[in-house]
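Take a look at this single chain in structure tokens; it is the form predicted on its own.
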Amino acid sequence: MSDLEVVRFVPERDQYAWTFGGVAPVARIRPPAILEVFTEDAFFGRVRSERDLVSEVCEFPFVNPQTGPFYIEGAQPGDTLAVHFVSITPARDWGASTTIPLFGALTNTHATALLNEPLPELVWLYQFDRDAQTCRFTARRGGFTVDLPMDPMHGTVGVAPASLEVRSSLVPDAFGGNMDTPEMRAGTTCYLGVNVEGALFSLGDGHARQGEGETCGVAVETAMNTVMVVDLIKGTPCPWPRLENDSYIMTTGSARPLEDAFRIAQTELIRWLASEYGMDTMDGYQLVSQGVEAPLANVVDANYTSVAKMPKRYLPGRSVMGGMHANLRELAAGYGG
């Protein structure tokens, strides 16, 4: 590990990005390298009590601040950026969640117009127990409490989009972005297709935990200290974000309606099997149909995100993406902090 560059970056208040694309890089990284960063929560740290309503303390569209972008030296369109999450650790002892008017899966929204009034805006604060690795839900109405296991993750991970596009940090798409999948946890490698020179990688939106689907639209939001190993796979494209851990390969799709997000993720998984294992497309279709797991990531963003997970135990023994996940895990094992 001594020969790997270590880049540490804690943004000043005026250094956060609010989009993917259209932002100058904050630092340059020569891969393979270690990247240690601080990310602010989705509310920019402004929701600190039950009285801090998002509609009053946050200024749209300045939500979901991103740390970055980072210029990855040598990255060119057609390459794939590999980001292995070594650790994702809450930087505070508390997190916040909320309901937001005209936002969420079970309320009227700008895209789903109804005559009924929006649901009430409420804030829930979660206290963390670092020793027990739990976060405590406390009901706003009544005395019910329960400790939920922490499962830290990043809701937003991405690169600059193609075609000179600039996209809000609230949007997931082929460049990554606000996918909100709980699979983006420590031990996972995320693969992102490079669209512009330098890739321009950013991340944020730390969640102490989140249920699949992020139903109300807001997880247990908190600031994070995150360590990653970053590398490039030259000459290998990645049309949609892919994930890999020790047990699964995974693909994502983001779109509306939800069934199109599902179709993208499933189709990309079948194509991945065909390209990596030489599997016939129809054989891959059949195998995926019987072996896949399909958790929802989010059903609340500008696009919805679906994940397709294939257990490695059903696949040939060969590694995918040139064995990058195993390589980055080996580098991570030598990280001394």
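Position 1 is the first residue in the sequence shown; the rest follow in order. These figures come from a predicted structure and were not determined experimentally.
Beyond the structure shown, there is the form predicted together with another copy of the chain, which is absent from this document and is the topic of what follows.
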Where, among 262-270, 196-204, 225-233, 72-80, do residues come within 4.5 Å of another copy of the chain in the predicted complex by heavy atom distance? 262-270
So, Phe85, Met250 and Ser319: all three within 4.5 Å of another copy of the chain in the predicted complex by heavy atoms, or not? no
Even though the partner isn't displayed, in the predicted complex is Leu315 close enough to another copy of the chain, meaning a heavy atom within 4.5 Å? yes
In the predicted complex, Glu117 touching another copy of the chain (heavy atom, 4.5 Å): yes
So, Gly213 and another copy of the chain: in the predicted complex, are they within 4.5 Å at any heavy atom pair? yes
Given that the partner is absent here, does Val220 sit within 4.5 Å of another copy of the chain in the predicted complex, heavy atoms only? yes
Using the arrangement in the predicted complex, list in sequence order the residues of 159-179 with any heavy atom within 4.5 angstroms of another copy of the chain. Ser163, Leu164, Glu165, Val166, Arg167, Ser168, Val171
